[in-house]
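Only one chain is shown below, in structure tokens, and it's the form predicted on its own.
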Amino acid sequence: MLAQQLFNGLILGGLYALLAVGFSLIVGILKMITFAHGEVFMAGAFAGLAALGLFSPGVALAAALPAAAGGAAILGAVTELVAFRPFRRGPEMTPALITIGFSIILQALALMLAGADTKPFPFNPDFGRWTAGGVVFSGLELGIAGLALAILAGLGLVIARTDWGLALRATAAHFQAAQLMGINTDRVVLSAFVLASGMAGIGGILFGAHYGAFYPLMGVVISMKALAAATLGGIGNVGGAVVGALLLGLIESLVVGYVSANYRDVIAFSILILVILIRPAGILGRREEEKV
């Protein structure tokens, strides 16, 4: 029972991590937050669902992943160009308010185009089911875990080992100093939004495949949990976002298995509040002193 809940928690945490890392990338660079990330996740899921209907089951998932990532990445670029770039030197609340409006628009468009009813996954994506060590798992779950792990590991290598990653870290450390050093910060920020949104889109199609459901409000709760996970790990810290997401997923799964599904959100967010009260910077975050 425990092993099964731990496995389920890791799958859920991997899905949270694909969004939480996006929050950390954006906040780490701009010190601002987007409230449209959940709707980008939802739009990517529906873009992938549309691609699923165009192909046979044998190639549908391979086509759905780039469709989901591409559709979400375009929305991420629009978000940065419209809601953030013109207001970087303005009040921090302005981009947040614009992204709230953007999220409402995306929800309304999804309701108009897809309807309010839940859309099922168009075919059975389990690809077999096995039991090992008392844990029941499917090919789909292994695929989700493997893909999430590969994406997160690849992102870590890109940030640590490439020129773009160096530019990203320099921009996050000090935006104006990075500009003075000749870094094209506009390009760095735009690419960070595209990357964060593309990962959210992949998370959306994987979430829909895992739970067999696509609906216009599917990004609302999961984006709140992903933001909570990023805060738990240390907002602005990519590694912290992954740790926070996995912890949140494990906590939720254990609560469902040993307490009640009705209390999964209450207990998970209560633990989050407790951690923030004890360590406001998060598990891997560092407290920054404000200079005046």
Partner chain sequence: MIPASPGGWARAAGLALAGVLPFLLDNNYVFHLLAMSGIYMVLAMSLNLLIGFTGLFSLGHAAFYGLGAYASALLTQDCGLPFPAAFALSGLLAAAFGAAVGFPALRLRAIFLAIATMGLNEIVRLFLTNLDGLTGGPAGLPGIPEPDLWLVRLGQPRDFYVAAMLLAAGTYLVLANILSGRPGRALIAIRDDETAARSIGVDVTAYKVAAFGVSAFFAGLAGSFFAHYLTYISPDSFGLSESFAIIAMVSLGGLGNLRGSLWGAFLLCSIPEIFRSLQDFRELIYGLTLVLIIRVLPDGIADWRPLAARWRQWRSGPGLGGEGGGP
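Positions refer to the first chain, counted from 1. By rigid core we mean the largest C-alpha set that fits within 1.5 Å across both forms. Everything quoted here is computed from the prediction, not taken from an experiment.
Below, we refer to the form predicted in complex with its partner chain, which is not included among the displayed structures.
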Note: exactly one of Met224, Ala50, Val256, Ala63 sits with a heavy atom within 4.5 Å of its partner chain in the model of the complex, namely Met224
Since exactly one of Phe87, Trp164, Phe121, Phe175 fits, which has a heavy atom within 4.5 Å of its partner chain in the model of the complex? Phe87
Quick check: do Val27, Ile98 and Ile105 each get a heavy atom within 4.5 Å of its partner chain in the model of the complex? yes
Decide whether Ile276 counts as a contact residue for its partner chain in the model of the complex under a heavy atom distance cut-off of 4.5 Å. yes
Is there a non-hydrogen atom of Thr94 within 4.5 angstroms of a non-hydrogen atom of its partner chain in the model of the complex? yes
Whether Phe55 contacts its partner chain in the model of the complex should be assessed with a 4.5 Å heavy atom distance threshold; does it? no
Met112: heavy atom within 4.5 Å of its partner chain in the model of the complex? yes
Within 4.5 Å of its partner chain in the model of the complex, heavy atom basis, the matching stretch of 74-82, 191-199, 144-152, 204-212 is 74-82
What residues, if any, in 255-270 have a non-hydrogen atom within 4.5 angstroms of its partner chain in the model of the complex? Asn262, Tyr263, Asp265, Val266, Phe269, Ser270
Threshold 2 Å Cα movement between the shown form and the other one at Met32, rigid core reference: no
By the 2 angstroms cut-off, has the C-alpha of Ala50 moved between the shown form and the other one once the rigid core is superposed? no
On a core-based superposition, does Ile267 travel 2 Å or more at its Cα between the shown form and the other one? yes
